[in-house]
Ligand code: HEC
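As structure tokens, one chain now follows by itself in the form predicted on its own.
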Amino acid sequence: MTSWLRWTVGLLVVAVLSLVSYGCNSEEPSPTGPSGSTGSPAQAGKAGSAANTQNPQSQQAANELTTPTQRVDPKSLAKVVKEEVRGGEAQEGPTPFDYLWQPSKPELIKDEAMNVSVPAGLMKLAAKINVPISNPITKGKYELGRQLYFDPRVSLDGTVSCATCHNPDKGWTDNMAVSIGIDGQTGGRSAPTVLNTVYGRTMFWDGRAPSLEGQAQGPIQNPIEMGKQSYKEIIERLRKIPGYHEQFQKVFGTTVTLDGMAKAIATFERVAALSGNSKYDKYREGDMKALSDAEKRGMVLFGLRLHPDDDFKTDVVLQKANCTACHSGANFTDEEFHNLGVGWDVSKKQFADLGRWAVEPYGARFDGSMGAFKTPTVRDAERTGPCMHDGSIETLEQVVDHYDKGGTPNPALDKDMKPLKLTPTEKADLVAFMKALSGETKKAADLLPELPPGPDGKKADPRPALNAPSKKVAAIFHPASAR
């Protein structure tokens, strides 16, 4: 092996090992990081003073995960991914290096740049800002990503696709408290929406993935979500589909690789999963009648001022609900992590899920991040429920009630969580405004692709995977999984 290749491979191993330490699936917590919409909640001890950082319960959380129904050995989960990471060493392990990445052959590429028009109210997509320079948006890449996103053959038994948990018709989530993965398995976190994640700084409820490309690599090999399979198995399966081999050559100048797969899926999500031009956006652009009086009062309560040309008058106190303390900017999220008291067991004095704390590197951890989760966008919140990382709050009305009471007291409760003393009318107005943030989004029917035939010439149908699998359905493809 040449020195430059050893150096390149070494960097890859370090990078992916870092990902392993943070966990890899959609939202399933691991000892050093949650990971997956189907994750297992972790126990934690009391947070608060610096002395509590050595609390025995905190030590327990580092060694063991618990769910309401089972105990999970985090080491066994980490091993699943670690075996795949060894493939980055090119000459050993189950995943050879050229399955993960290949040098491009420019002469094979037949693709062109794609111009993207974003809905009103959103930032334009631009390189270095919300599109990596390593992954420019192209027409061929978008189409390839669209197919991979809806293709259930990415999963071990052909029952689950990305769209299973992130269905465009369900707010790009699945509208479940916790998601259902392969063989009907469930975890402990709700599938976060993909909507407007192009503007996100990090991915997952705990923020452990630095990009959409990083996020795309987790669920496909998670044993709960898409099955206990290595990257090698996934890539080999896709390489046997002639249509994918041909498209990867035209888009990337390579055969099928994990790198190209992640880039294609991320590109599709950046372009397709956008929500804007809501009633609020129309109001900001000058249509004073776009919002009702109740929605305008709710907007002021939320923390936003009336349009300077609006003659509407109200005595509502600006920012009384203090929403913009976290839900700020064009996408209504600060991209930070906050403890709202969700998942805190008052009687046991424990967190059901460690949240951000579990993925922070040693040297950066502090008690205040225990039980803290990423601020979700409020755009389309009406469609993306149930709410919170564990799906424990069903409606926006209940969300407002939770904030109004100041959250659930616990040692790590965010400093901005205080009783709001909202009146019933103010609560209703606030909900009315949040619903006015529902925008124009694409439907599954407009996005479903024609998938390339398999090696046997048979076409694959993406539609069944739009719904969560059951154990009975999974048994058709993978009889050993039925128990």
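Since we're looking at a predicted model, the values are computed, not measured. So that there is no doubt, residue numbering starts at 1 and follows the sequence shown.
The next section is about a form of this same protein that is not shown, the form predicted together with this ligand.
Contact annotation: of the candidates L354, M226, M299, A264, the single residue with a non-hydrogen atom within 4.5 angstroms of this ligand in the model of the complex is M226. Scanning Y199, Y142, Y403, W101 against this ligand in the model of the complex with a 4.5 Å heavy atom cut-off leaves one residue, Y403.
Segments offered: 362-370, 247-255, 376-384, 130-138. Contacting this ligand in the model of the complex at heavy atom distances within 4.5 Å is 376-384. The shortest heavy atom separation between H338 and this ligand in the model of the complex is within 4.5 Å. For V194, a non-hydrogen atom is located within 4.5 Å of this ligand in the model of the complex, even though that partner is not displayed. Of the heavy atoms in Q215, some are within 4.5 Å of this ligand in the model of the complex. Shown alone here, Q350 lies farther than 4.5 Å from this ligand in the model of the complex, counting heavy atoms only. In the model of the complex, D414, D416, M417, L420 are the residues of 408-424 with at least one heavy atom within 4.5 Å of this ligand, listed from first to last.
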